[in-house]
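Heads up, the chain below is alone and in the form predicted on its own; it's given as structure tokens.
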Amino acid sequence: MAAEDAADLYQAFVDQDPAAAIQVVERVRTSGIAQDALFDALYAPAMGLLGGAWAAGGIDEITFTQAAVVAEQVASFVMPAVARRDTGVTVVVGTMHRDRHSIARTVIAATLKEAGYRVNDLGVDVRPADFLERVEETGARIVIVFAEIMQTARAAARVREMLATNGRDDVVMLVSGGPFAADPALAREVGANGVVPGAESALKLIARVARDRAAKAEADV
């Protein structure tokens, strides 16, 4: 697959054209790329172009947000046809209230799903109470809070407060987003247990947390 395919998919996102985006996916699939490889070979590079264009000022905030919506609509077309083994580990993810950035969350959530984690994606503009409610509903012990604006990044502290107030100190809260990457101390300020810079780090962190949880459960028996 040529880099032009990822560029074409990126352009379809920016043009807010889901049909064109799906055509790119189908074109790449019929060229011989297996369904299991589409995410890494096509979707992730296109998302990288989108995030890079926004970070460099090549596209404005409105275009970025609208393109992210199209990207989410297309995500299901690039997921592996057969899911990997179920790890049994549930992870709740969501972008903080008053923040509609979704690219990093979409990529990380898709990566975790592909690895066999039970991902509950709350989407964007998520209130702290919604995180707590989904944790209670699913029994999740891991939450990833996304925020790309300093104001919403600081508001992640309310998620930790909500969990603590309701006796859920056992929940591991991870954070992800530009403000946390720029200032690691901010994660500690909001009560997070760690920072997720990207999809690869998410896999490593979640796997480590899952191992620690399993080891603790065995020790308590």
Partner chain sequence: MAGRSTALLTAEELARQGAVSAAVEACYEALALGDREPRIHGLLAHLMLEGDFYDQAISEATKAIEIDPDFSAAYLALGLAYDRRGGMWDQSVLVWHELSEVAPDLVTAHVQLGEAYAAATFEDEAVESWKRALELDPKEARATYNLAIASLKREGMALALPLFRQAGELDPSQDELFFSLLGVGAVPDHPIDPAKVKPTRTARLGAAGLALKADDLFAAADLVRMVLDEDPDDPEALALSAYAYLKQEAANESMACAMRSLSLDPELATALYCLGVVYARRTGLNRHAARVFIALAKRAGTQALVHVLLAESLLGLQRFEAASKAYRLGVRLDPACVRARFGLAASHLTEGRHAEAQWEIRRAAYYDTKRQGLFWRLYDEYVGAGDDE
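Residue numbers count along the first chain shown, from 1. We call the rigid core the largest set of C-alpha positions that still match within 1.5 Å between the two forms. What you are looking at is a predicted structure, and each value in this text was computed from that prediction instead of being measured.
The protein also exists as the form predicted together with the partner chain; that form is not presented, and the subsequent description refers to it.
- Partner proximity in the model of the complex, defined as non-hydrogen atoms within 4.5 angstroms of the partner chain, places exactly one of 184-192, 38-46, 162-170, 25-33 at the interface: 38-46.
- Taken together, the three residues Thr65, Met79 and Thr111 all lie with some non-hydrogen atom within 4.5 angstroms of the partner chain in the model of the complex.
- A single residue from the set Ala115, Leu122, Leu132, Val89 has any heavy atom within 4.5 angstroms of the partner chain in the model of the complex; that residue is Ala115.
- At the 4.5 Å threshold, heavy atoms of Ile149 stay clear of the partner chain in the model of the complex, well away from it.
- For the chain shown alone, Asp212 is not a contact residue for the partner chain in the model of the complex, no non-hydrogen atom being within 4.5 angstroms.
- Taking the partner from elsewhere, Val175 is found to have every heavy atom lying beyond 4.5 Å of the partner chain in the model of the complex.
- The partner chain in the model of the complex comes within 4.5 Å of no heavy atom belonging to Ala12.
- Contacts between 86-109 and the partner chain, taken as any heavy atom within 4.5 Å in the model of the complex, involve Ile103, Ala104, Thr106, Val107.
- Once both forms are fitted on their rigid core, the CA atom of Ala210 lies less than 2 Å apart between the shown form and the other one.
- Shown in the overlay between the shown form and the other one, fitted on the rigid core, is a CA shift at Ala53 of 2 Å or greater.
- Annotation for Ala41: C-alpha shift of 2 angstroms or more between the shown form and the other one, rigid core superposed.
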